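Single chain ahead, written as structure tokens, the form predicted alone.
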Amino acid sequence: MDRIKNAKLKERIVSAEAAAALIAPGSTVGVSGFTSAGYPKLVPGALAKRAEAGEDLRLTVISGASVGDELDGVLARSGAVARRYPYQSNKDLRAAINDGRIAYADIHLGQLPYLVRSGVLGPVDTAVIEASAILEDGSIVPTMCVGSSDTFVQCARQVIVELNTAVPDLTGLHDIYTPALPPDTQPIPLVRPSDRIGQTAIPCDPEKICAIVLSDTPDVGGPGTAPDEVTTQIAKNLVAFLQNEQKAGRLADPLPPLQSGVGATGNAILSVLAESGMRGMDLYSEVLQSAVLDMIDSGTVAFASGCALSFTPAYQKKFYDGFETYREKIVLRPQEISNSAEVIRRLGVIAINTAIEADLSGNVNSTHIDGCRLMNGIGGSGDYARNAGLTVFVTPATAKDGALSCIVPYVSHVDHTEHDTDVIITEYGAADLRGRTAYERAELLIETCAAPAFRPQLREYMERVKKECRWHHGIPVLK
């Protein structure tokens, strides 16, 4: 196995079952993975078999973000997990969390590594990390993401490596820089998205590597949903807003680095940007989706910095085939850096994230239905929203085939306050809330972003506010 450069470590190649047997019940397990990329796929299945056979594992599982069904799904269905951090998108895990069968705490992704390294979430017993190679000194070359793998390897008592040969050796793609804990913290020396400030592999004492499992299972692949009419119009409204800001001299040309969330709307935004005539922009984001490769090929994007590559299978192949070229224009970093408040603020990032609903004050709910039913989690949207040079939230104006308005008098759960929200965009328009009073914000959101069918009700609500509330600074909750 030429992907393992340390001869002694080759002696630790074992089956997934043997590796899983090294994880004791009640353990805290840190796993690689960020969205559908770079997560271990065989050891979790072996753990699930233990749980299905009746063993009470009660595992705490911590990842960088959401991971694939081969990890979150199989462990949730088998009952192997007692507690999960910090973000998820699996329907079976979500159901178990909402039913109270799995304890879950929603955490800003940029803060997770600090919470792990400082011991707030307890000691990490085992790290299970997917790799594309292991170097002579034990350093681990990740696959299609970094996430919090550097933190888990640093903190874990033992490390299990899944060496995935479905992925080529990706040496040179990653930039591993792990900040020191206070009081020894130093400024992160990153002033451009293209800066490389760390190592190309995750440092690891080879003696910590207790098992190596050989895998040839590819990532399932990122979202391939084509933009529809609504998401495309949202994207067009966003691009028009950015171009108007450039014409007014409030945004540079090329644009400051962009961050865009995952999903159909994010893909639509990237696709419309690629067709807009804009050139030479950089991306400083978490997840880089398939459209990023086309944007690099066309010159729309000069450089892309992220934490994970979430590509469809066709774009995975395109990336692997062109790796030597793409490696010069893409870098993957730990989420502690991709989501760093310091770096996001320094770069003046334009943050574009999705909302479930937004209210007339500008507060945004991105995590819960009816205030109590979790969807996925806050992810990194808060890291970017609180620190970006420009914070944009996008959402369709309605949900449930037009039955519900996504512009509401007050959100059922607040993830991003009115103080962090600069612009809200739907398929009907863009509302620039900067410098607006509460009443001005409400009027702008109603007339610009709300679906026409819901505007009369929202206007009626505001009329009640003006009549029933003695004070005129905020928009209260009326019965």
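These numbers were taken from a predicted model, which means no experiment stands behind them. In case it trips you up, residue 1 is the first one in the sequence shown, and so on.
From this point on, the text means the form predicted in complex with a further copy of the same chain, which you will not see here.
Among 324 to 332, 196 to 204, 307 to 315, 180 to 188, which stretch has residues whose heavy atoms lie within 4.5 Å of a further copy of the same chain in the model of the complex? Of the stretches listed, the one contacting the partner is 180 to 188.
Among the candidates 386, 208, 236, 77, the residue which, in the model of the complex, approaches a further copy of the same chain to within 4.5 Å (heavy atoms): Of 386, 208, 236, 77, the residue with a heavy atom within 4.5 Å of a further copy of the same chain in the model of the complex is 386.
Note which of 341, 220, 214, 274 lies within 4.5 Å of a further copy of the same chain in the model of the complex, where distance is taken over heavy atoms; exactly one does. Result of the distance check: 341.
In the model of the complex, does residue 165 come within 4.5 Å of a further copy of the same chain, counting heavy atoms only? Flag for residue 165 set to no.
Mark residue 427 yes when one of its heavy atoms lies within 4.5 Å of a heavy atom of a further copy of the same chain in the model of the complex, and no otherwise. It does not: once a further copy of the same chain is placed as it appears in the model of the complex, residue 427 has no heavy atom within 4.5 Å of it.
Under a 4.5 Å heavy atom criterion, is residue 475 part of the interface with a further copy of the same chain in the model of the complex? Yes, contact at 4.5 Å.
Heavy atom of residue 98 within 4.5 Å of a further copy of the same chain in the model of the complex: So residue 98 counts as contacting a further copy of the same chain.
Using heavy atoms only and a 4.5 Å cut-off, decide whether all three of 346, 368 and 415 touch a further copy of the same chain in the model of the complex. Yes, the whole candidate spot contacts a further copy of the same chain.
From first to last in sequence, which residues of 52 to 87 have any non-hydrogen atom within 4.5 angstroms of a further copy of the same chain in the model of the complex? Heavy-atom contacts within 4.5 Å come from 83, 85.
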